[in-house]
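Let's start with one chain on its own, the form predicted on its own, as C-alpha cells.
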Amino acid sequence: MARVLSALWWLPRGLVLGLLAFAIFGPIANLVLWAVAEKWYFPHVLPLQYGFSYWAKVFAPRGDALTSLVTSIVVACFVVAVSILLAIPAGYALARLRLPFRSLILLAFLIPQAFPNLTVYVNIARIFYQTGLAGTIPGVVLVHVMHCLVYAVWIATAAFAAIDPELEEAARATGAPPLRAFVDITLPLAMPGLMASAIFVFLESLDEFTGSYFVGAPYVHLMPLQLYTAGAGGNYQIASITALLLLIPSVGFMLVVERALTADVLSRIGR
C-alpha cells in the first residue's frame, strides 16, 4: 500500500517534469532533425532520409552563411565594446554616488523595451535614412546598443554595488589617486559581473532581428536575417541549421554567465 501511495505521489511530479523537458528539449530536437533531414513531409513523424547536403549548401563558397556569421560576430563585438564603455561609468555612478532620482534613471534604460520593437525601429529607420546610417554597420551597431544598454548598465550597477566601498577607500587612504584605486581595486573585483554583462550584450546583439532588419537590410547581412529569409521561404533545413549555429554560442556563453553572476551580484540588480 505504501508503495502504491508513493507511486501516486510521484506520478504528478513525473508528468510535470516530463512536460517541462518536452517544452525545453522538444524544439531543439526538432531543429536537429530538420538539420539532417533530406526528405520529411506529412504524415511521417520522422524524416524519410537523412544527410548533410543542406549543411554543404550553407557552408558553400557561394553561400552567404559564413559571411553573415562573421558580420554578426563583428557587429556583436562592436556592440559589446560600446555598451561596456558606457556601462562602466554609468554603473559605477549609479552604484556609488548619491544621485537624485536614481531609480528613475535605472528605469529610463528600460524605455526602449517598454514599447513594441516594431514601432521603435520603424521610426529609428526613418531617422537613419535621413542621416545616411541606414544600411551601414555603424547604424546597426547603434540600434543594437540602444537595445542592449539596459542589460549592460543594470548588471554593471549590480556588480559595482556588490563591492565593499571600504576597499577602495582604504586604497585611497594609503595615497592612491581615485583613478588608480578604481583601476587596481574596484574594476578587477567587478570584472566577473562586467564579463557577464558583456556576454548578455553579445548574445542579444547576435540574435537581434527587428532592428537589424529595419536598419541594416538589405546591405548588412546578419545571421538572424538569414534565418528569417530561409524560414519565410520554406527552407526549413537551412533555417534549422542557421538556428543551430546561433544556438551554440548562446548555450556556451550562458554557462559562463551562470558561473560569473554570483548570488550577491544578482541580489543587487535593480536595487
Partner chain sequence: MSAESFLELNGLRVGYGGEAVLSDISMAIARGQFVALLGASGCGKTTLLRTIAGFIHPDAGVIRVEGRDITAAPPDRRDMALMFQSYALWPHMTVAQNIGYGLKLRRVPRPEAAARVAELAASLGLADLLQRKPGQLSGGQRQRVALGRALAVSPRILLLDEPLSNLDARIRVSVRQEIRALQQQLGITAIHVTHDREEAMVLADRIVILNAGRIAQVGTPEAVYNAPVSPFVAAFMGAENVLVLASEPAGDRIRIAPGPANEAAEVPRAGRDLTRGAIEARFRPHEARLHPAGAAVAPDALALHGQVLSVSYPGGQWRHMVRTGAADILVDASQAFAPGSAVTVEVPAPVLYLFNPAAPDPQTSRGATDRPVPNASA
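Positions refer to the first chain, counted from 1. Every value quoted in this text rests on a predicted model; they were computed, and no experiment measured them.
There is another form of the same protein, the form predicted together with the partner chain; it is not shown, and what comes next is about it.
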Notebook entry, point to check: Looking in the model of the complex, is the partner chain within 4.5 angstroms of a heavy atom from every one of Glu169, Pro177 and Ile185?
Noted result: yes
Next item on the list: Spot the stretch among 72 to 80, 160 to 168, 193 to 201, 143 to 151 with residues whose non-hydrogen atoms come within 4.5 Å of the partner chain in the model of the complex.
Entry: 160 to 168
Next item on the list: Flag Leu85 as yes or no: does it have a non-hydrogen atom within 4.5 angstroms of any non-hydrogen atom of the partner chain in the model of the complex?
Entry: no
Note to self: Just checking whether Leu97 would be counted as a contact of the partner chain in the model of the complex - the rule being heavy atoms within 4.5 angstroms.
What the structure shows: no
Note to self: Quick check on Ile105: any heavy atom within 4.5 Å of the partner chain in the model of the complex?
What the structure shows: no
Margin query: I'd like to know if Ala114 sits close to the partner chain in the model of the complex, meaning any non-hydrogen atom pair within 4.5 angstroms.
Written below: no
Check: If you check Ala173, Ile127, Leu110, Leu118 against the partner chain in the model of the complex, which one has a heavy atom within 4.5 Å?
Finding: Ala173
